[in-house]
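Okay, so here's just one chain, in structure tokens, the form predicted on its own.
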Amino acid sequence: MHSLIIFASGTGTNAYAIIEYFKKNGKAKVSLVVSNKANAGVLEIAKREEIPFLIIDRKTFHETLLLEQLSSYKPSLIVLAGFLWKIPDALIHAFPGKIVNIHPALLPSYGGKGMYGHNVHNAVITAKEKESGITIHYVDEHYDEGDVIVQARCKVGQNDSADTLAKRIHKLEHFYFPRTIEFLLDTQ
């Protein structure tokens, strides 16, 4: 069975979708949840699902000890599911081609530092885009510039708000992210 490590900073809806998906098909299990926020909702999900978790700060994030801890789980993939910090080069080099992220827009547009959640949706709406979507991509040394794995699209309506667009984006995320992870595991 494949081991997954999920990094998340927020409520954990994508983490939960991944956990549930693999509980049903048995191809992988989430072995560890890592968060940079002690009050993140994803930690409640980890507790409820009896998944070990780790809370990190900026100093810990750049220490060799973290690499050793992550390596001990022998992850097939490290999944960024709403994790807002830039991944250190040492972590990227320790797990080459094994770190994936989901972004709530069609990259390369609306990516980069500070472009997450409603910031992205408001930018898409302000630019009067006709469509938005999600991008699942590999993580490299730059924000949102790694090779694209999958993109899925949805329409942006004239009367959309960041909230209404976010609801459609979340549906895409919850459907495509677990299935893309499964595909990547099947091709390893």
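Just so we're clear, the structure is a prediction, and the values are computed from it rather than from any experiment. Sequential numbering from 1, following the sequence displayed.
What follows is about the form predicted together with a small molecule, which we do not show.
- Residue in contact with the small molecule in the predicted complex (any heavy atom within 4.5 Å), chosen from M115, L77, A94, I87: M115.
- Using a 4.5 angstroms threshold between heavy atoms, G12 counts as touching the small molecule in the predicted complex.
- For R168, no non-hydrogen atom is located within 4.5 Å of the small molecule in the predicted complex, even though that partner is not displayed.
- Heavy atoms of V100 never reach within 4.5 Å of the small molecule in the predicted complex, leaving it off the interface.
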